[in-house]
Each structure stands twice: as structure tokens, then as C-alpha cells.
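Starting off, we have a lone chain in the form predicted alone, written out as C-alpha cells.
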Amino acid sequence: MGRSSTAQERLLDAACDLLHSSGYSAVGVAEICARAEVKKGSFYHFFASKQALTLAAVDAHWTQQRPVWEALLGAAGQPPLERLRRLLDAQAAAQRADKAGGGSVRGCLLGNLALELSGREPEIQARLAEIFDEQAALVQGVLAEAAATAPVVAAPVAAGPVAAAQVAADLATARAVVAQLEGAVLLAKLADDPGRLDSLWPAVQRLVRAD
């Protein structure tokens, strides 16, 4: 009884992992069920289709990730841009850990799906767009805090101090930061080299400068 009660959760976990590793088109319901150890007939008790499961998996992934973004960007006692830097460092560290643990850089689940499903699966695309907008709004909030402090001076960290600068805090800049993150992760995946993320923070610093 206890095992069947976790079937939906296991399907979500299996879908997240397989979609991240193999992509939407390469993964079928049978493979997801096998990974989750759930009978294929039981799959449709929880989800109407692979598309429905993918939407649920995307939501589950962001439900786990959003508190991490909020905690890093909202950390008390740290300068705003330092919080943004720590978020980007955490994203880069996740790709390095993926490479170390699994042998390859898998990239961002959300970015991978957005790229693969461009022009199809509009419901999934719409949900991905909403999540990227949520990410941009979180980034805009910390940029607004930084812009309210002139000049911005952050405490030194291991990789060096954050330069003092005026900061652009409009939504377009926040979206550009999210796009820079997603693009850098994509290139790291393409090269299978998390070292490509070493230049992420300097690039974002240039993006947010308003002076």
C-alpha cells in the first residue's frame, strides 16, 4: 500500500530525470513507468498523457527550485549584487556537480525543454515562459535593491570583489540576466564543459551596469 501511494511522486521524479537527460521526444511513457517502477496501466490514473506529466514535472521542478532562488536572492545581511552572484554561482555549481556525478553536463531542464519544444507543445511552452518570467521578476527585485544603493559596493568574495557601479533595474535587464544564465548553461552543455560558466558573473556584471 505504501509503495502504491508514492507512484505519482515516483513518476514525477522519473520524468524529471529522463526529460533532463534525454529530452521530451526521446522519452516515452513506457520508459518513464519502468524507471518509476509503476505499471503502465496505472500511469493514466495519474496523468492523461505524457504532455500532462511533463507539465506536472516542470511545475514540480520549479516548486523545488523557486525557494532556492528566493533564499539566495533574499539572504539578509548580504549586498544585493552579492546575492545575485551567489545565485549564479549556485547554478554553475549544479552543472559542475552534474558533470562530476553523471559524466556529462545536462544543462537546465527548463531551458532544454524550451529549446526542444520551440514551435510545438504550446501548453508546455506557455508554462515555461511563465516560469522564466517569475525568474526575471525575482532578479528584478534584487536589481532594484542594488539600484537603490549608489554606488553599489559588495563585500569581497573568493573570486574577487563586486565592482561599484550604478545598476539597471528594469524588467528588460532582469530578463537579459536570465537569458545570459540560460545561454551560458546551454553552451556549457554543448561543450560538455562546466568551465564555460566561469565567465558567467563577469558577463552579468556588464549587463546590469547602468553607467
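Just so it is clear, the structure is predicted and the values come from calculations on it, not from any experiment. The numbering used is simple: start at 1 and walk along the sequence shown.
Keep in mind that the form predicted together with another copy of the chain is not shown, yet the notes after this line are about it.
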| message | At 4.5 Å between heavy atoms, only one of the stretches 52 to 60, 170 to 178, 30 to 38, 65 to 73 reaches another copy of the chain in the model of the complex; which one is it? | response | 170 to 178
| query | Looking at the partner-bound form in the model of the complex, is Asp17 within 4.5 Å of another copy of the chain by any heavy atom? | reply | no
| message | Is it the case that Glu145, even though its partner is missing from this view, gets within 4.5 Å of another copy of the chain in the model of the complex, heavy atoms only? | response | no
| Is Asp89 close enough to touch another copy of the chain in the model of the complex, meaning at least one heavy atom pair within 4.5 Å? | no
| Asn112 within 4.5 Å of another copy of the chain in the model of the complex, heavy atoms | yes
| If we check another copy of the chain in the model of the complex, which of the residues in 174 to 210 reach within 4.5 angstroms of it by a non-hydrogen atom? | Arg175, Ala176, Val178, Ala179, Gln180, Glu182, Gly183, Ala184, Leu186, Leu187, Lys189, Leu190, Asp192, Arg196, Ser199, Ala203, Arg206, Leu207, Arg209, Ala210
